[in-house]
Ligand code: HSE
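Only one chain is shown below, in structure tokens, and it's the form predicted on its own.
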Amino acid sequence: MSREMVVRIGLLGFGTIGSSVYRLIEKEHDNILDGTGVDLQVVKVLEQDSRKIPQDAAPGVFTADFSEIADDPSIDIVVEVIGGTDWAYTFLDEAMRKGKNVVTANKQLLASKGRALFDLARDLRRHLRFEASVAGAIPIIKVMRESMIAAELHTVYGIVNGTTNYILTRMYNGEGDYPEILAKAQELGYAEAEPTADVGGGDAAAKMAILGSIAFHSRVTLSDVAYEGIQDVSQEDVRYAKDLGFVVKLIGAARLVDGRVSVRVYPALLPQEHPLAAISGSHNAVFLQGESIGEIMLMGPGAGGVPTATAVVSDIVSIANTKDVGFLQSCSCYRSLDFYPADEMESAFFIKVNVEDRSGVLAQIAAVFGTHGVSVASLIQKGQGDEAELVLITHPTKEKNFFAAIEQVRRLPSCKNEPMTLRVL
């Protein structure tokens, strides 16, 4: 590599992330050049919305025509931060076919259409880098693909959505219930105006599909990930969990069980001493367990324009300083493992239910649980006039047995509401 290697970049999108990438390269240009010998130059930016184009933009830099980037042989790397899956896929496919390496922050694209893009990158020997697709500035992709290559990973737990972690942290601190804290998160910019992808678990599911694919070297797509959100979690649930020594978090769980893969996302109770329980606010963290490494956790800012831009720029510099594509052009999915049935997975559970406050009801519920092989580890009972509120924690059991028991409890005449259930990590 010469002392100064000019790398010309075509940037797709100038929203929160795209503008942050552009400004970060401008701000850190000289430091990057001095530290790496790479002279980064954003020469074209694709942006359809003229309102987003800075008034002081240099003439000819911004365009609404992708062909000005794809057909320019002087552009080395295309960076995709427009989001969505259709146009993003089309643009990256064409960019690689026209000789360009690519960087993307698009987790939905990789989790749904990643196989075709990775196969194309392998066949054409192009770089396809995606560090920014999961956990913002945390270099979890690089760590798992390179540093953990021989770690024999079997478990990946992640807090990979900053919006839900912010909301649940505020609820744990007693600052309000879900609806009012969500509104505050939207006001502060931690949540989108349409927050379903975040609070419903879909965003975390796409990220966990990527992490599961890397961890177990077997393709996991978004459609393979069962996910739940936090919309039904109340401050009362969080308070009960706290009284029992737990913290509620939205957890992404990728596990290798008997040689088969399980990847899911759900709100769960974590023991207060678990490393992930301390991750607060909008921060993200990924907790790795492997035969060769024991336990490792990485944490940091996981959302926002600047943290994500940091990961994008890191990928650009890495491509520039890599002479050969090698194994890094793929997601290393050289296995084809089966998926472990969700209802065969084992978990402990938190249950909250209102029942008639009379003798024999608790014994009746315990008998139902016993019939299905579910045993109770702890119990809180509070009277409310003619009703009692029961909060129980079970011992680990197969999920199919637990949910069969809950369905039977729900139909009991003494049961006065829909039982609330959460897994316990």
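We number the residues from 1 along the sequence you see. Quantities reported herein were computed from a predicted structural model and do not represent experimental measurements.
Only in words, not in the display: the form predicted together with L-homoserine (HSE), which the text now covers.
With L-homoserine (HSE) omitted here, the record of contacts in the model of the complex names 197-205 of 338-346, 287-295, 197-205, 245-253, defined by a heavy atom within 4.5 Å. Contact with L-homoserine (HSE) in the model of the complex, defined as a heavy atom within 4.5 Å, holds for exactly one of Val225, Ile138, Ile77, Ala303, namely Ala303. Though L-homoserine (HSE) is absent from this view, in the model of the complex it lies within 4.5 Å of a heavy atom of just one residue from Asn101, Ser262, Thr163, Thr310, which is Thr163. In this stretch, 105-125, the one residue having a heavy atom within 4.5 Å of L-homoserine (HSE) in the model of the complex is Lys107; the partner itself is omitted from this view.
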